[in-house]
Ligand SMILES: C[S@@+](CC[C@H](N)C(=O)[O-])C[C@H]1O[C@@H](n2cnc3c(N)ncnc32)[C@H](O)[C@@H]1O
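Consider the single chain below, provided in structure tokens and representing the form predicted on its own.
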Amino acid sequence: MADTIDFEKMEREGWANPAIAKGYADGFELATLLVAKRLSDAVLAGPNSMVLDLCTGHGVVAAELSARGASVTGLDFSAAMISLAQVTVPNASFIQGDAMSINFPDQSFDAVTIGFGVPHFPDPERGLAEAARVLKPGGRIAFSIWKGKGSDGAFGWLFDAVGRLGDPSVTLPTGPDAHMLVDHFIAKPMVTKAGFVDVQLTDVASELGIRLPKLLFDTFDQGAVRAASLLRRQPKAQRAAIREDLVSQVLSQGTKDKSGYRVPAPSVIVSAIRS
């Protein structure tokens, strides 16, 4: 396996920044609310379920789980995110911890949810195996992944613009592909190997909400660690060109509403059952 030390450093330092944490909570709110409902459906969350929400972030999935009566524990490595989550869901329990080494005994939970957190795992196979370990047999997992390069939506537009208009010398540290698990032929064997059966992939037509077309750039630049790492190190002219390219995409493919624009940001939910 490739050395991911620099990737882990980027992730931990990035998400420790309260401004990035708040930027994600605000910029991705519309999409994460929709996906939270789908994740909660997939794990059959209800009054008799104990759920571990890994990479809980600002608590949007934990809030939906809690609203359905589940007993929720949220775990995240970011103290900034935990602070936001505690305000969002005061009746849930939140702890700072490492999804690669979950500090709970075997078979502790009925379900595990992970809202867009798997792409931040330095080792997705290990993280999914840890999730399986803390699940009871027959317990359910559901996690979400953004569709990335080549997709018709915000993430696809971003990576296309960076590829065409950005400085090619600006690169990310070595780490796992953030979007690989939208591919059934990659996701199914990896999730199965981790200890699950009945692996299902479901497309979700998630969207981002932005007030002005120029703010799609800021959503990534101020609320997504990998994207921010790519964008903030671009020279001024390249940043401006990427911003304008995203503006043109919003104007041509976004949907205008009373609060601004809705921008497609398609995602996939992967769900499975602990064997």
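The structure presented is a predicted model; accordingly, all values stated were derived computationally and were not measured. Residue numbers run from 1 along the displayed sequence.
Below: the form predicted in complex with this ligand, not depicted.
This chain is displayed without this ligand, yet in the predicted bound form the stretch 97-105 from 130-138, 97-105, 186-194, 160-168 comes within 4.5 Å of it by heavy atoms. Using a 4.5 Å cutoff between non-hydrogen atoms, residue 250 does not count as a contact of this ligand in the predicted bound form. Heavy atoms of residue 261 never reach within 4.5 Å of this ligand in the predicted bound form, leaving it off the interface. Contact annotation: residue 66 falls outside 4.5 Å of this ligand in the predicted bound form, judged by heavy atom distances. Though the partner is left out of this view, residue 81 does reach within 4.5 Å of this ligand in the predicted bound form, counting heavy atoms only. Residues of 75-90 lying near this ligand in the predicted bound form, listed in sequence order, are 75, 76, 77, 78, 81, the criterion being any heavy atom within 4.5 Å.
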